[in-house]
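First, one chain by itself in structure tokens, the form predicted alone.
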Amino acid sequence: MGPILTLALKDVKLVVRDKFALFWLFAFPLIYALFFGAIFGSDDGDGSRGRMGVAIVDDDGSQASRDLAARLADHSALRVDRVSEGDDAAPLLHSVEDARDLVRRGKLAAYIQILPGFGETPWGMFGGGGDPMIEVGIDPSRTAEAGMLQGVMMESLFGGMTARFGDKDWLLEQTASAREDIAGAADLSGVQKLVFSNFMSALDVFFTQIDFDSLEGDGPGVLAGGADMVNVVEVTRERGNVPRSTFEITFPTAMIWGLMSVALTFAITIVRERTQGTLLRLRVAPISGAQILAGKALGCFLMCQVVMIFLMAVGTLALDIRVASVPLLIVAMVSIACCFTGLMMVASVTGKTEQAVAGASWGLMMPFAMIGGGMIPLIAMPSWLLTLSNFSPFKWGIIAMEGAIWRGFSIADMVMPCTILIGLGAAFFAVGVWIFRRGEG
């Protein structure tokens, strides 16, 4: 064990003395975590980052259209600019040309145009009728949000019905206007006109005699609509663990980037020692080839731990990153280090020179990073790419770290990612050793 530890500490000291390598091992992962954590965490203090940006065009100018624009601006799923500061300020209204241009240039996801006559149609109290009174223009690249916007529109349209059905004068005006339209309708027979006219007369009697004030308050007869019938709650895991900040999401990914740098650095040191003759001198020394490789593996493993401990220390002390389970964090760190130690061994045999190994190693590691969540978030991947990501150690490393930091994984939850990481590490290391021994004869 003595020679193995000596070789490992020797490699660690050589890496620590290389200032360029230290940047990629410590500074780059930290910059990555801070940069993307700051970007994803930026919300301008108003919670608008996750909302859908839309422009409102009011070509009707009626009280009904102004009320609809106000309800849309107040909706929690939309981001609508206002004419001044404050949530009670009127929404900023655009011309249809400006609104279309904003959507066309990708500044906004959609625009909502309230067409002339929206507030005048007597059929509005029944949900519309005739030609559409609202036009929605949406960015073709945001079609996934079109359904959500349609739901928001329906909610906002019917959101004002309770107040309207409590306005007796408005209701009587609508029935009177409807009777005029029925009388002048050329496509209705005399019998149909009589039926509709009698219906409107019955509504007149109903609206005249009903006491709307008695319907205010609680009880089965109130005109409260369906809003109070649905209670929306946030659902989290039973343990209630969610990330408190975006840094808890970016730091696990940053750690994996740091470990990739460790693996590449140690892979290059093996090639450097081979080309400079150091490896030959070690082989003629009274130590076995297995001890030499074990020393390289132990040095890489220890350096992986140093990088992860450094990043976790910065995260917990400076950025208030919590650790849900310290024992599981240790298990995750050991498993990930084993995996990247194996990757180091494979990377070291991808070429005969330092330049060849550096290029080939990046070519080996980058696809793992791309499909494993290091570049493209797993949530944004199509189903086929998400399936392919199962072959990437990046994915399982991120899952294991997140499980220990904020996901609140149990021991059973950690078994699969850690087992996969250790298995991949063992397989990579075995392949690397086999190729290394064949190359050395």
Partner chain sequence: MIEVRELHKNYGDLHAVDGVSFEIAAGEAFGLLGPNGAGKSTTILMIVGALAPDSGQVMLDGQVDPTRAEVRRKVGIAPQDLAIYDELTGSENLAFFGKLYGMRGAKLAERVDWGLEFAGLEDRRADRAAGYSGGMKRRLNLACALIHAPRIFFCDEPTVGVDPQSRNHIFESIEGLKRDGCTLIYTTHYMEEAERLCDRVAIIDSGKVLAVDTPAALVDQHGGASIVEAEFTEAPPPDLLQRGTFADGWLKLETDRPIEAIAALGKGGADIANLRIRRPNLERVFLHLTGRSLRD
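Here the structure is a predicted model, which is why all the values come from computation and not from measurement. Numbering follows the first chain given and starts at 1.
This next part talks about the form predicted together with its partner chain, which is not shown.
- Looking at its partner chain in the model of the complex, residues R51, V57 and Q150 place no heavy atom within 4.5 Å of it.
- Checking G106, G190, P286, P132 for any heavy atom within 4.5 Å of its partner chain in the model of the complex turns up a single hit: P286.
- A heavy atom within 4.5 Å of its partner chain in the model of the complex is found for exactly one of Q276, S84, Q355, S141: Q276.
- For its partner chain in the model of the complex, the listed stretch (253 to 261, 331 to 339, 268 to 276, 132 to 140) containing residues with heavy atoms inside 4.5 Å is 268 to 276.
- Using a 4.5 angstroms threshold between heavy atoms, R281 counts as touching its partner chain in the model of the complex.
- Residue contact check for A430: none of its heavy atoms lie within 4.5 Å of its partner chain in the model of the complex.
- Under a 4.5 angstroms non-hydrogen atom cutoff, its partner chain in the model of the complex lacks A426 among its neighbouring residues.
- In the model of the complex, no heavy atom of L22 sits within 4.5 Å of its partner chain.
- Taking its partner chain as it sits in the model of the complex, the stretch 6 to 22 comes within 4.5 angstroms of it through a non-hydrogen atom at T6, L7, K10, K13, L14, R17.
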